[in-house]
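Have a look below at one chain only, the form predicted on its own, in structure tokens format.
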């Protein structure tokens, strides 16, 4: 089983969006038994909070539920537990390296799996949830094709 952890700053926007989009893609591909997918934050500021309402609404509009998901922070144990730890932007990548010495090459940036490597913009700041949705879908699709 391939274990994937998506990571962003607060674990209320991008990483839970990626978690649930990827779970949906895996389910639709009939590959649910092959994957364990979760998400986490690099910061502690949103711990215990639910998915940001505009993100939950956007997911629901695409038939994807995220009920019960609350933000959690990365732990040192995550490196041993997960096969891939995927950040949304360069800042996440720097912050993840504070938690892990990436000796096994597990830390990746989501959009690096695509033909257009870039950061996934944080909709908390940009307010452009549609752009984030498109990037995460493209990144997750490319990741699934790689796996």
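Positions refer to the first chain, counted from 1. This one's a predicted model, so the numbers in the text were calculated from it and none came from an experiment.
Quick note: we don't show the form predicted in complex with a small molecule, though the next part is all about it.
Proximity to the small molecule in the predicted complex, taken as a non-hydrogen atom within 4.5 angstroms, holds for one residue of 102, 45, 112, 81, which is 45. Put simply, residue 13 is close to the small molecule in the predicted complex: some heavy atom of it is within 4.5 Å. Among residues of the shown chain, residue 124 is one whose heavy atoms approach the small molecule to within 4.5 Å in the predicted complex. Shown alone here, residue 21 lies farther than 4.5 Å from the small molecule in the predicted complex, counting heavy atoms only. Not displayed here, the small molecule is kept clear of residue 25 by more than 4.5 Å at the level of heavy atoms in the predicted complex.
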